[in-house]
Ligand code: NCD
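Form predicted on its own, single chain, as structure tokens, below.
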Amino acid sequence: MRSIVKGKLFTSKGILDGSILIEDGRITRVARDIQEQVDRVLDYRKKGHIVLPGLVDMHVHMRDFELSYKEDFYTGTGAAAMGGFTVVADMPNTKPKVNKLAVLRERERVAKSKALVDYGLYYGVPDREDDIVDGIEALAIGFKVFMQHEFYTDKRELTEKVLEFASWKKMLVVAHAENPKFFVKTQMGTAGTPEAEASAIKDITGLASSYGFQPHVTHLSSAAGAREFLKWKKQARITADTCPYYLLLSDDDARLQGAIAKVHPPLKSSADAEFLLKKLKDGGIDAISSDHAPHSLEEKANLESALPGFPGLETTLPILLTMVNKGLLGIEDIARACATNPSKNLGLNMIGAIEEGKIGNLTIVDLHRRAKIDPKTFVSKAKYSPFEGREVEGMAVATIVRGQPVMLDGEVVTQGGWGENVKTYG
């Protein structure tokens, strides 16, 4: 299959008018104007349209397995395609958990049969040392460590075995960094504090120094946590992401919206949000993730017992592009935080840039298309959002995975099963 994509291309040299030739899933030529006989031409030489490297989300929950009533790989990756994401990395806190090699293999089978976009799989801390085995690295892109439940408990020794294995196999370790010693009781239940985040970031950085693994702190939520991360960033090989809601919402929004806005870590103050935005803008914080965490509406009904999290794959890019239109971010910040850096963090050198030889993953955005966030239209099974009713300006109009259009103009156009595990990238 040979295709050409035309438009304003976001490249390392800036935004250039040009064409991209994709052959058998790879970018083989980037030039001003390519005139060749191909199977398909996608022409986005329109006002306000920009062709970005394919967006990558390092932190999603596709659910599936016994939790498929919340989401599955088809609806979850469909939501990703609608939101402009070409790669998603799936967390292992499923039912059953992805912390045994046999379950990881089954996860791969299910994902491959349903996924619309490409995907990575994380492996969780197991219950037995016997489940830390050779073969994990063939399918999993990294490990997820939920420090609250694994490092600060009687599973600490086993967790350290995982960290040692990750170092040996040169695998990423993604940490949900909160120390329960600093949790407090709120009307939404027990919740993490800025001190909880900062303490755990200090601990995971120390562990990385001891064992030699590559650490990544996910969903930074506070100024204190970000400062602790930035203190170590210059000394250690550590990266971090935050989420759009930590940049725009605060604990005041959580009180107003109740269970719908309940998330873990919880929303902090407006001052925390302002600091995180500043550090994202200046490149201190590496990446943006959605932490797409769908639940049923029934599971979000009661304030104290509501499960934390909400869907984010279909709202992340419109929210960020709206921030671009308001002058809070630049399009270069979106490309860096949602494509280039996530690709680097995951060790995926074949994506993250529009260059010859790279895989043909592209996200085309219309900077000025306007809409109102309406969860009823989500492809995700989770039809709610703390951003419901918000006016947005800018969204994805095409999502291209390995040269194949998966979403065009708000419609999924590919069958489930097109997506591949990023471990096949080589």
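All residue numbers are counted from 1 along the displayed sequence. As the structure is a prediction and not an experimental result, all values here were calculated from the model.
Beyond the structure shown, there is the form predicted together with the ligand, which is absent from this document and is the topic of what follows.
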Within 4.5 Å of the ligand in the model of the complex by heavy atoms, the stretch out of 395-403, 57-65, 355-363, 33-41 is 57-65
Checking Lys233, His264, Lys279, Lys155 against the ligand in the model of the complex, the residue with a non-hydrogen atom inside 4.5 angstroms turns out to be His264
Assert contact residue (the ligand, in the model of the complex, non-hydrogen atom within 4.5 Å, options His219, Arg107, Lys114, His216) equals His219
My question is simply whether Phe275 lines the interface with the ligand in the model of the complex - judged by any non-hydrogen atom within 4.5 Å. no
I'd like to know whether His295 contacts the ligand in the model of the complex, with contact meaning heavy atoms within 4.5 angstroms.
yes
Note to self: How about Phe146 - does it come within 4.5 Å of the ligand in the model of the complex, if we only consider non-hydrogen atoms?
What the structure shows: yes
Quick check on Ser167: any heavy atom within 4.5 Å of the ligand in the model of the complex? no
Looking in the model of the complex, the residues of 163-191 with a heavy atom no more than 4.5 Å from the ligand, listed in order, are His176
